[in-house]
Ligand SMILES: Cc1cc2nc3c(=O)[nH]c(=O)nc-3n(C[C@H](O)[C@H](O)[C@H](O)COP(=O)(O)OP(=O)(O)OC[C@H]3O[C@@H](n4cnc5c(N)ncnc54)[C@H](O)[C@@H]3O)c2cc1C
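So this first bit is one chain, no partners, the form predicted on its own, shown in structure tokens.
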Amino acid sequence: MPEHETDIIVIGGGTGGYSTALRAAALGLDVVLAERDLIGGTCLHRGCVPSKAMLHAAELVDGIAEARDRWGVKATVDAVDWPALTAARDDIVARNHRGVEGHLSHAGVHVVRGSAAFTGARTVRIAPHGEWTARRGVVVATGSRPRLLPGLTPDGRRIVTSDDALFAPGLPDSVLVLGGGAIGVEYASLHRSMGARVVLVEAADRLLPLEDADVSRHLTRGLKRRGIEVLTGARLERAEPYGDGVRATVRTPRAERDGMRALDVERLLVAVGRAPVTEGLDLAAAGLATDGRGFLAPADWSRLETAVPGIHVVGDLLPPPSPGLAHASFAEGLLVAETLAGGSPRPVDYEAVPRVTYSSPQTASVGLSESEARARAGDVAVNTMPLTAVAKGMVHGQGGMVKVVAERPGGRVLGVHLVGPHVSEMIAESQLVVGWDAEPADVAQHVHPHPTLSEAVGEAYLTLAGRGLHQR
């Protein structure tokens, strides 16, 4: 087989892989990017981008209902044209796909279509094209896939995963969403907006169990207000296809008599997390092995370099504290590319990476939860500002909150937590506050526009700084 040399080999063309390749090429390095499927990975083709396109359509449907019920606008949704909706979604994905491929081509990245496997610490075979040797290093960015539960076999119609839920035929009349993390909450919200009866099941005692408890509480309240049935502390006991749908049995502490709840739904959507993909890489040939959870852990987090020098990892293959989010993998790709180019970039500050759930209501957080802050810093100052305490929050009428957690007395802001409409667009300010170790008084001196939802953020800092205006 022919042999080739290059500076860097990137295995995987998702967000982490292609960002590594683009930055490395911009720094003057020769880059080979191996991808066996579509450039852009899960985020572009099955996750972030298409799901947010669908959630935007859902927001429009909800807006029509609000216009009619609250604002006197006599409008109704006669029907959802599913082919037209999915065509608009697919057009957005296709244009993004062409854009990323164009960026890679313009940057001079050599994209090789095929399956990659290690043959040594610096050598990779990309079938069926041959073997490449990396002069500087290899970056592993093969991403993740949906986790499955024993006994559940997705069929793309009645039982679906988060990867194929958007592409299942039509809109179901009823759906059981298994998993109350960000993905499950988003899909529950989407299906409810489109008119489905939705039951959301989470094994932990609250939704978004990794977020601040008040975030979970406000989110759950908002979802229930929209008619979503939320079952926490509940587990799926069994499920099987039944006619045109699924018959499921859920164990919940609030169920009647024997603790079992029978549910007949048109679709079961499994969203219980994602698992790293390393099959076929032949990691052992490079002297590598995954940990007990299947992650490829770095030996040096400041460089995201494994125990084998010159082999780096980005994206969903990384264990916590990497959050497995697309925007975190962009930062990881930049870090690794600059490291391999001979630079000394700053490590990724994972506590300053925002976390967003694009449901209705939305949630957005950065930094530590209140319980985490108390465990680390002891006594902390906490202020919660309802969004309905400001005029724009009343206009939206969806409730929500701003919660700021800071060291006491007058110390750094440790965490910021938002729930409500459009908070995904408001969290960037808080990322800077947490990332730059700002104190409430530092933020309080800056004026937030009135009337906006962001005004509630400013008010929260004013109160913590002892300058409360509308809040005491």
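The structure displayed is predicted, hence computed values, not measured ones. Numbers follow the displayed sequence, beginning with 1.
Here the subject shifts to the form predicted together with this ligand, a form of this protein not shown in this document.
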| item | value |
| --- | --- |
| Option from 37 to 45, 404 to 412, 428 to 436, 66 to 74 whose residues, in the predicted bound form, bring a heavy atom within 4.5 Å of this ligand | 37 to 45 |
| Residue (of Leu464, Leu22, Ile11, Leu453) lying close to this ligand in the predicted bound form, criterion heavy atoms within 4.5 Å | Ile11 |
| Listed residue (Thr142, Ser216, Ser359, Thr306) with a non-hydrogen atom within 4.5 angstroms of this ligand in the predicted bound form | Thr142 |
| Output flag, Gly17, Ser51 and Asp316 jointly within 4.5 Å of this ligand in the predicted bound form, heavy atom basis | yes |
| Contact of Ala326 with this ligand in the predicted bound form (heavy atom, 4.5 Å) | yes |
| Contact of Val277 with this ligand in the predicted bound form (heavy atom, 4.5 Å) | yes |
| In the predicted bound form, Tyr187 touching this ligand (heavy atom, 4.5 Å) | yes |
| In the predicted bound form, Thr133 touching this ligand (heavy atom, 4.5 Å) | no |
